[in-house]
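Consider the single chain below, provided in structure tokens and representing the form predicted on its own.
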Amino acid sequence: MIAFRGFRKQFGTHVAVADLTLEIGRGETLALLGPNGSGKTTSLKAAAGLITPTAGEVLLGEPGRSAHAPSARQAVSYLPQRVTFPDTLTGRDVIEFYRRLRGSPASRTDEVLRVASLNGAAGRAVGTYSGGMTQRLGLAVAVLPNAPVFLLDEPTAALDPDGLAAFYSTVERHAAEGRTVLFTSHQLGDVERLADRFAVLVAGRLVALLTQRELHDSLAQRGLMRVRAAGHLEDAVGRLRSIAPDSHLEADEIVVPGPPSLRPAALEALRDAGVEIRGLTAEEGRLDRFYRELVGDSA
């Protein structure tokens, strides 16, 4: 449904995105991650048909059409990073304007206002809204046309817990209905909750592309067990390295990196070495640490 094929975008001498090749299928939700200035927003704008590639192409739909084609734009709903609406219009006025612009039925106004969950403020001027309320209104505008492709740039940045729950529910429902969702986020909880895959951009280049299964496996490999023990610890660690090569000693703790599956064998090896185990803790791999490994000094 969305295909970046050798997509490159330069602004003068600055390369915002370099040779991005990536496909997102029907019904798939992909999170695009990366530090500020990594090319996430540029990529979304290209998919929305708002900027022209310097090289390569961005295609939408099946069969693929250029993102600049009018027929392709009709298939897209785009929520920009910063949402603004005229201060004097009410929330309902805004929804009505975009509903007519997109040719959606009149019944959609009340439906998407329920999605916005404005707590009775639909008749108030937008100028009186908080940042979170304005973001919710933007999300309501984005879901108005029931488009098959959703492009969401930092959609949860200003949402409160109620707005976040409404956003999760909306994305999950639309993905279940076969719509394609591409979103950017600095909130790693969004990724773990919503994304089927995630892609990481650093300095305009794709440095990682993982499925949820691959992410789970990568995080498992980054877990560790800490064993508080007494005895000949250095000898025990030496024997333990045949099972967990990165095992090492920190004061009176033996640190055993690796997935949970190797921990029973590691404990058995320590007992066989005559070590007295006095306590243990386990730490699972964390997405924020893994993300920092991927982006390095760019984070």
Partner chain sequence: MTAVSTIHAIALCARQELVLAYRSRWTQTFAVAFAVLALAVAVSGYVLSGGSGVQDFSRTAASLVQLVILLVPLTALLLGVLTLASDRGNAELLFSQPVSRAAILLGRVLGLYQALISAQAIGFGAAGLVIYSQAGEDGVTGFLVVIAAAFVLTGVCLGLAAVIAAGNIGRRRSRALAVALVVWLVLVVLADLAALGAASLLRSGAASRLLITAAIVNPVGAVRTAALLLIDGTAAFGSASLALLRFSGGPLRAGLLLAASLVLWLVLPFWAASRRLSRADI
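Positions refer to the first chain, counted from 1. Only a predicted model underlies this, so the values are computations on that prediction, with no experimental measurement involved.
Missing here is the form predicted together with the partner chain; even so, the following discussion is about that form.
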{"item": "4.5 Å heavy atom contact, residue 150 to the partner chain in the predicted bound form", "value": "no"}
{"item": "Partner contact for residue 241 in the predicted bound form: the partner chain, 4.5 angstroms, heavy atom", "value": "no"}
{"item": "Contact test in the predicted bound form: residue 31 vs the partner chain, heavy atoms, 4.5 Å", "value": "no"}
{"item": "Residue 68, heavy atom within 4.5 angstroms of the partner chain in the predicted bound form", "value": "yes"}
{"item": "In the predicted bound form, segment of 221-229, 184-192, 82-90, 202-210 with a heavy atom within 4.5 Å of the partner chain", "value": "82-90"}
{"item": "Residue among 216, 100, 114, 173 with a heavy atom within 4.5 Å of the partner chain in the predicted bound form", "value": "100"}
{"item": "Listed residue (49, 35, 56, 259) with a non-hydrogen atom within 4.5 angstroms of the partner chain in the predicted bound form", "value": "49"}
{"item": "Stretch 222-261 - residues with a heavy atom within 4.5 Å of the partner chain in the predicted bound form", "value": "none"}
